[in-house]
Every structure is written in C-alpha cells, then in structure tokens.
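Given next, in structure tokens, is a single chain: the form predicted on its own.
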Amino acid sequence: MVAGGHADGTVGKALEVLDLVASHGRPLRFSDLLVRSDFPKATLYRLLQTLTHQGMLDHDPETGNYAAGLRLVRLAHAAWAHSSLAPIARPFLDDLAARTGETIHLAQLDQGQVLYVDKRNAAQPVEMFAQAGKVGPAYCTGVGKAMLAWLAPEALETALARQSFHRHTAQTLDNRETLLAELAAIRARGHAWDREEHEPGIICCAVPILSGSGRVLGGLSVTSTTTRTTLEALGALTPMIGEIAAKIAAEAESWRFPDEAAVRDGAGPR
C-alpha cells in the first residue's frame, strides 16, 4: 500500500503512482495497482489516464498492463546523466574493478535509502541484490552505513526515521541504538563493513564519497563473498578504495562547481 496523506496534492499522487509502477519490476494491470495503492478506484483511473496521456506511463490495450513510458525513461536518463555520480565516476570504477577483481558498487542516498547508481561485476560474477537502479536499505549495507556515518546530525535524524530495521539475516543491526554505535565506530576507523547483514554470504568494505566541506556525495564499496575472501582481506583494500573515492569527489566538485576562469573562458561545466 502507498502511504496515505498525499500532502503534495495531485502532483504528489501522480508521483506515488509512478513510484508504484516503477518499483514493482514488471508491468501491472489496473487491478494490481488498485490493490497496491490506497487511492479510490476513480482517482487511480484518472491519474493513470493523465500519466499515460503525458507519456510517463505506457498502457498496453491488449494486456491491460501499465509500464514506464518513454518520456519517463528519457527523464530518468537525463537525471542519471546530470545528477548522479555515475557518469563522472565511470573510469574510476573501471580502475578499481580492474585492480581488485571484485564487485564495485557506487551509490547515493535517496530519501534515507541507498540508490545504487552504478556497478562493476567481479571477474567471477556473483548473484546479489545490489544492481544499478535498485534501492536498498541504508542501515544494513556497507555503502549505506558509510554514507549515514558522515551525515550532519539533522540529516542523520531524518534518514534514521526512514529505516525499517527489518532483520534480513542474523547479523542485521535491527535497531537505532546498535546502528548509532556502529556509525560512531565507522567514523572512527574511516570505513564501513557489511558483515552479511543484508544477504547471507555477501560481505563488503565501503567508504563515503565526501565533498571538500565534508558533505556526503555518495558511497563506494568493494563487495565479495565469504567463500572467496574475508573481511580482513577486504579491509586491506581500504586505502585503495579511499583513494578512488577521493578522485570521484574531486571530479564531482569540478563538474558541479567549475573553475571560475574556465567559465569566463567559455568552457563551462563538464
């Protein structure tokens, strides 16, 4: 069910429907959407009609299914190119993947959750939850905890309020107090672990990507399995991961806040 309230009026309602369709992973019929939303039947139908007319959703009259429309795909691609770290981080992820042979994840925080914006598979790929475009929990993933640990107090409080604290494995930190203690430890040592907290057998070492002023831009992790390596071995990679994170941060700041002389000379943002 979509959370009630709809405080942002019609636009907010329409975005809730888009979220519902996009997050399900496959096209949905009207009856499926009606069960999963808290909108009255007439309201949901009207919203779907509007979104379809605007190209944000596509409706197949033969199957009755609704799916993401091409206009939404185009906007999503523009957002990925303009707002995510992925385009500028690409060569740095390639470098880290080549040097480690392990899975690399690049993520950003979205409404207190982890949005995976890019990924490099290991030399011997492993099936796991995290994929580019997926949203995962922040409280029980290495890259999520790495980002949470460096949030300003007010932003951290907002993010913590959005954590579900569902126990995914026996290792999951499933309450606020244990997570806060873990975040303090992460800040002290400079990196975060995933000790099979989200998926059995999956471990990682992660660091934040920070601006020059200390603002959290994203997170970077090297992920592997307990059958292939150990936390200690991943921890030995921390200097390398931190080096790549710093390079991504520097490139991000240069891209978003170009040198004034370059702007005057007509170069503009990259």
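Residue numbers run from 1 along the displayed sequence. Note that the coordinates shown come from a computational prediction; the quantities given were computed from them, not determined experimentally.
Beyond what is shown, the protein has a form predicted in complex with the DNA; the following relates to that form.
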(message) I'd like to know whether residue 26 contacts the DNA in the predicted bound form, with contact meaning heavy atoms within 4.5 angstroms.
(response) no
(message) Please tell me whether any heavy atom belonging to residue 227 falls inside 4.5 Å of a heavy atom of the DNA, as the geometry stands in the predicted bound form.
(response) no
(request) Indicate whether residue 10 is a 4.5 Å heavy atom neighbour of the DNA in the predicted bound form. (result) yes
(message) So in the predicted bound form, is the DNA close enough to residue 70 to count as touching (4.5 Å, heavy atoms)?
(response) no
(message) Whether 193, 198 and 201 jointly form a contact site for the DNA in the predicted bound form is the question; each needs a heavy atom within 4.5 Å.
(response) no
(request) Look at the stretches 240 to 248, 206 to 214, 219 to 227, 45 to 53 and give the one with heavy atoms within 4.5 Å of the DNA in the predicted bound form. (result) 45 to 53
(message) Using a 4.5 Å cut-off on any heavy atom, which residues of 24 to 44 would contact the DNA in the predicted bound form?
(response) 29, 30, 31, 40, 41, 42, 43
